[in-house]
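Presented as C-alpha cells, the chain that follows is alone, the form predicted alone.
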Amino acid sequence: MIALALLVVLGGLATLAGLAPRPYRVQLVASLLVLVEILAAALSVHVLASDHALLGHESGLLPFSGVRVDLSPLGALFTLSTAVVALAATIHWLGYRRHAMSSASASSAFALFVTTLLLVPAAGDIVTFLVLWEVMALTSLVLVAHDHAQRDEARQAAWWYGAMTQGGAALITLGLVVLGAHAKNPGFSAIAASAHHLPGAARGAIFLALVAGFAAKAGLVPAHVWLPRAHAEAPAPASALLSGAMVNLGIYGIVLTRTLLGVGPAWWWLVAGFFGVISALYGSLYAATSTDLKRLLAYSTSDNMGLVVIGLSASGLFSAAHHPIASSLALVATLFLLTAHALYKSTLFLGAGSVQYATHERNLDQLGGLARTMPVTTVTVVIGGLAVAALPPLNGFSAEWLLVQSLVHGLTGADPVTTVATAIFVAALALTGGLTIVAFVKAIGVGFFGRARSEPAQHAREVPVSMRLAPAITAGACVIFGVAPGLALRAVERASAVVTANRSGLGASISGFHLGALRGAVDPLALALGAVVATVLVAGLRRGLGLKGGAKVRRFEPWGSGRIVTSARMQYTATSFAEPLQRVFDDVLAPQHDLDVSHAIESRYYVERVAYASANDDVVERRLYRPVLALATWWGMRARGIANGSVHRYLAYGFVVLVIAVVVVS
C-alpha cells in the first residue's frame, strides 16, 4: 500500500511539473513518469508472482466510500502492459516534443493520463473506479484536442470523442450505481457476492448497459466512430496510449462486468459475440482500404478489439455450457491477445508518429522510400506489422493460435447454439486475418519500400534517438514474448483464474506451450530457428549457384516489376493496391469517387490531365450518426422559438409545469 501511495504522489508531482518553465518541462515530467511506470510495473510483477491481491482502504480521500484498492492478478496484468506502453510513449515524447505536446496543459494532461491509466485496474469500489475513469477520459480528451486551435480535424475529433466517451460513462455509472444500491455496499467484492440475488431481467439489463458503456471505450462497432478520428489526430505518444492501453481498459471493464455479475445466460455472450464479429470484420475491412496511416492503425485497433470480444464471448458461452477447461483456455487466449495488442499496436503508432515527425505526412500515397532514409523506424514498424498480422514467431501469432485452438476445442460436446456461434467466430477470425495481412502489406510495402512519391518522403531523415528507442522497446517485447511465450503465459493464466476460479491446464515452457488435457502444442522458438535455417540454406544455395554459373546477381527496385528504369508513378499506391478489395466490398464501403478529366485547349479529343480521387468515410457514421445529428440540429433550431424572451411566456411555462406536477403528485 505504501508503494501504491508513492506511485500516486509521484504521478501528482509529474502533473504539477507540467507547469515548470518550458526548457525543463518535458524532461522533468518524463523523468517522474518513468519512475511512476517502473514502480507500477514492479508492483504488478509482485502481485502476479505471488498470486495474491494488493488490498488497501483509505476512508478520508473520497466521499461515500473513500479510496479502496484491490489490485488482483487480473488488474496487475493490465497495469503491467500499460506500464510498458507508457514507458515507451514517455521516451518517445522526449524527442516528439519539438513537433507537438510541449505546452503546459499537454504536459500536465499527459502525466495525469498515464497515472490514471495505471490506477484504474487497482480500483476496488464504484466511487474509486468512476473517479479514476472520468479523470482518464478528461485528460485523454485534452490530448486529443491538443491542436484544436490550428486544425479543424482535431476539433472535430475532440467533439466526437468527448460525446462518445461521456455517453459510455453514463451507461457505466448507471449500471454500477444500481449494483451498488442493491448490494448496499460500493465495494466490488460485496457486489459480486450479492449480484446473483438480482432478478434475471435486471441482471440482463445491467449487463447490456455496462457492456455498451465499456464497448464505447474499447472502440467496438457501432460505438467506434470516435476512434479513427481521435487516434489519427492525437499526438503520437498519446495515440500509442489510447490504442495500446486505454482501449484495453474498455475490455477490462467487460471482464469486470463478468466478475461482478457472474457468467450469466448464453444470450449475454451471443449478443457480445455478435458485436465482436461485426467489429473485427468492419475494422479489418476499413484498415485494408484506408490510405491514412494512422486511420489504418485506428481501424486495426477496432478489428483487434473485436477479436478480443470474440474470445471473451466464447469463454462465456463455454462456461454457460459447463465446459470449464475450454472457458478458461479461451479467456487465457483472450488476455494474451490483449497484452500482445498493447505491444504491437503501440509499436506501430509510435512508428507512425516518427514518420509524421520526419515527413509531416500520413497519407500512404505520398510516402515510400522510407526504408532507406529511416531504417531503424522501418524495422520496428515491420516487426509490429508482422505481429499484428499474426505471423510467427511474434507474439501475435502465439496469441491468435491459442485463441483458434480454444475455439476449436470448445466445439467438442457443445450444444447446437454454441456450436454455430463458435463456427461463426472461427470464420470471422479467418477472414479478419486475411484482411489484416492485406492492410499491413499495403501499409509497409507502399509506405516504406519502393520509391518516394513526394518531396518530404524523399528528403526524410531518421528521427532523434529517443524516438527510435521507444518503438524498439515494444518491438523487442513482441519478439521476446513471441519466441518465448511461456514468460507471459503463466502470469496470464493467474489473471484468468481470478475470473474463472479454475485453471485451464495450459502447460507452458519458456519457448512454447501445449494445451494440457486437450490436444495441441506449438513451439514458436523452433519455428523461428527453422525459418532462420531455411533462409540461410536458400541464400547459400542461391549464392553458390550464382558463383558456379559465373552469373551476377541483378538488383531491382522493390515494386519495380523487374524494370531497370523505374519511377514512383510506375509503382502501386495505397489507393490502387486496395482498389480491387474496395470493388468487392463496394456495397458495404459505399466509397465516394471523383474523376476529373482535363482536355487540351486545341482539341477535346486530347486528354491533357486526369485526376482521380477516392474517399472512404465511415459508413456507420454517415448512415447512423449523421442523420441523428441532423434531426437533433433541426429540433434545436425549431426549439429556439420557445425561448423568445417574453416574460409572460416563461410564466405560462412555469404555470403549466406546476399544474402537471400537482396532477401527477395527487
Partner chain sequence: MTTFANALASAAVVVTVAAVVVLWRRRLRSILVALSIQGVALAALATLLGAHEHDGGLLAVALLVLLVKALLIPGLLARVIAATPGARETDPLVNVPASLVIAGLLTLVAFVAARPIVALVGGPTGRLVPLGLATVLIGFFVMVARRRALSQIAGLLLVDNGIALVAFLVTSGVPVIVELGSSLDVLFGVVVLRLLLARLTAAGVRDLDQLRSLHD
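Positions refer to the first chain, counted from 1. In this text, rigid core is short for the largest set of C-alphas that superpose within 1.5 Å between two forms. These numbers come from a predicted model, not from an experiment.
From this point on, the text means the form predicted in complex with its partner chain, which you will not see here.
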Interface segment, criterion being heavy atoms within 4.5 Å of its partner chain in the predicted complex, picked from 23 to 31, 613 to 621, 49 to 57, 636 to 644: 636 to 644
4.5 angstroms heavy atom contact with its partner chain in the predicted complex for L651: yes
Distance check, L658 to its partner chain in the predicted complex, heavy atom within 4.5 Å: yes
In the predicted complex, V662 touching its partner chain (heavy atom, 4.5 Å): yes
Partner contacts for 141 to 158, taking its partner chain in the predicted complex and a 4.5 Å heavy atom cut-off: none
C-alpha of R22 off by 2 Å or more between the shown form and the other one on rigid core: no
Rigid-core frame, C-alpha of V9, shift of 2 angstroms or more between the shown form and the other one: no
Displaced residue check between the shown form and the other one: G641, CA, 2 Å or over, core reference: yes
